[in-house]
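Structure 1 and structure 2, given next as structure tokens, are two forms of the same protein chain, each shown alone.
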Structure 1
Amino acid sequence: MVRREFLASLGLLAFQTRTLSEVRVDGRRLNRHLGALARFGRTPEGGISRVAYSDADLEGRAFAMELMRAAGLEASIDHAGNILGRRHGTDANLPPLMFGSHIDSVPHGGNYDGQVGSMGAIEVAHTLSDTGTATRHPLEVMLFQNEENGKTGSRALSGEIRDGELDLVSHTDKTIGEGIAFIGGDPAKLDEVRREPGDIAAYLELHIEQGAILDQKSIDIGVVEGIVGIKRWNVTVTGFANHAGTTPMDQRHDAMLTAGRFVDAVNAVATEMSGRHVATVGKLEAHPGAPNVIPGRVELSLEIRDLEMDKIDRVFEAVAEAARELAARNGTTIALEQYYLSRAAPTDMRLRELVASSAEALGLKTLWMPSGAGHDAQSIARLAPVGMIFIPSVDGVSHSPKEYSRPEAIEAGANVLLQTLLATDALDLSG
């Protein structure tokens, strides 16, 4: 099937050559708001540490709610702690069109991940308000909480919060449950924020690519085809803690040595298998953790991502086999316990087309691509059609203070979000 026939079959052909709305976002205001948001949790390196449930998170959230009100949105916090900005539609019978992102960060992260999409969504609402542009659907600008450490906020909407998950400890020393209460939610009422299929007309998210593909190819807009799946494991190496001065090299059961070899093996397995999967050890803690003690236990993280869940499992099996072999070499054991799963999620085919046609009508170059990073859109994909828009990350840097996207790229992305939103609003999404 050629593309025109395919589009015709979806009733979408009109959008290929449609006339754009004349409305455009205020790029200077948008970039000014991004700069202002960067104050909250700023680090000496110029990035931010605004992990969910920190004081900086709380301050950033208060600022975002002010911006929502200035944009003509009715701002509130739902029981899951998400920030919700509502605007009426002209047809009271339609479910809301949702768009947004997140403003929490990884520890020592940058000023663009989540923040471009969040400030971009508020800017789109502000533009609609400034220009008196009405939509058929009610609008919900959503800033999901704790995206970076488990997509807690969006997974509350999709009903995916597991038993015991609220007791996990976040990057602050609060549990997730305590964190939700800290930011104004009510962990006892998570069920009430849950949405069912049909409750949301569609969800759109603007985000930085976080990879180098768009930047290297000088492309303006990534049309996201889907989001890779992720599995994470807690890896525990158990050896025997002993005095570093009195235990000869050949009598050690050194958990750190096994852990070091494990890190090397993860890399070897991932680079030797063909494909676009990635495997990462991002965290490692040795116990007791003193220079003069052979570690008896080391805990580390393993994360594997791919577009196919089967591929994740094949990479993992190869890692686990190597791990068992290398642990036995110095009389230690290794246990790998999966604690996190995020299924690969394709975006909606109609919304991909709308993103692409909006960008092209704005004179922007597009590339269809998967997302290597997880996003809140993944949770909402269980309930509603989702679409995602990527803008370039300079040098592909992300989750780092050096993360950067150009102001004009941010403005372009917000305009694609605006046009896609208006086109989606015009579409019959019930089918």
Structure 2
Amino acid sequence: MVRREFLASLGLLAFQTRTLSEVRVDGRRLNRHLGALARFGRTPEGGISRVAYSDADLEGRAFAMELMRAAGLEASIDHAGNILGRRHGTDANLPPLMFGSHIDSVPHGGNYDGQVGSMGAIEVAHTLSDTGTATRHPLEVMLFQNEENGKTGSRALSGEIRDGELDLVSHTDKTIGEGIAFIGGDPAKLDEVRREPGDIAAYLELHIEQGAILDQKSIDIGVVEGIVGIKRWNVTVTGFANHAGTTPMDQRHDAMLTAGRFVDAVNAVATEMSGRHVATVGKLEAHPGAPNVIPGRVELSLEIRDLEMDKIDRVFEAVAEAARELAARNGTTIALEQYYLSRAAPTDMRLRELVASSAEALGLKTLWMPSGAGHDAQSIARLAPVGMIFIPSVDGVSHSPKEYSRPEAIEAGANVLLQTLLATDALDLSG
């Protein structure tokens, strides 16, 4: 079914034509707010260190709540520490449409990751207020807390916070529980924050791509097909530590040699298998770690990402088979222990189509693509249909002070968010 037929089946063609000609965000205001938010946690390099639960985070959150109120939203902080801006709909019986992102950063990060989606969501609400545009659904602009170090805020809504997680130490040396209290939440009442499937009609998130595909191809909008799943393993190579000067080369059981070949094997497996998966070894530590000792043990990490969890497993099995062969060849052993799982979250096909048609009606070029990074939408996908909109990141730089998205790209993304929200509001999401 072509897109026009698909939209006609939803009864949205006439609706989209009307709304797209009537309502636009104020791009200058949006970019001005982004620039003002960048003051909080600014670093000498021009980026920000506004990590969750820091003083800069607290100040940035207060600023965001001021903007929410100016946009006509009822701003509050839930027990998980998320900032929530509410707007009434014309049908109080409908569940809310949720949209937003996050404003916390990685240490020494940039001014766009999460912030574009957060300021964009507030700008959409401001535009609706300015133009007197009503929606059937109530609206919830959500700024999730601690996205960068575990998606704590969004995972609280989906009930994924694990036992003991509140005792983990954050970047600010506060525990997660202490951090939640610091920003105005109540870690003892997280159960009251949890939502159930059906409590949210749909969730939309605008975000920078954090990669170079859109920028390299001169594409305006990425229609996100889904957020990749992630599995991580601790890898331990065990050999035999011995004197580096007195042990002949043919008598060594060198854990580092096996580890190096393992890194190469991971790259070879991931490159030779068809698909859009990626596999990475990002950490390596040798023991005992002396220049005159053959390493007896090497610890590595392995991470595999793909939109299909089955594909992750297939890549891993190929890596594990290669690892066994490498270990046997060098008289060593390799143990792979999984310690992390983040499930893939496909976006809703209806919302993909609405993102694409909204962008194209605005004269913007689109590309359907996966998200290789995790987002809060991944948690909310357990509760509701989700859609994501990407805008280009110049040169693909992210998590860096050099992170940059052009003002006109930010404005375009916010207009796509606005039009997709209005189209979603007109959609029957009960099926």
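Only the largest set of C-alpha atoms that superpose within 1.5 Å between the two forms is called the rigid core. Along the sequence of structure 1, residues get numbers from 1 upward. Every value quoted in this text rests on a predicted model; they were computed, and no experiment measured them.
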Structure 1 or structure 2: which matches the form predicted alone? 2
Could you point out which of 77, 247, 344, 326 sits at the hinge of the rigid-part rotation between structures 1 and 2? 344
Name the rotation angle of the smaller rigid part against the larger part between structures 1 and 2, given in degrees. 20
Students should find the CA displacement of residue 231 between structures 1 and 2, rigid core aligned, in Å, to be 3.4
On a rigid core superposition, how far has the CA of residue 260 moved between structures 1 and 2, in Å, if you could check? 9.6
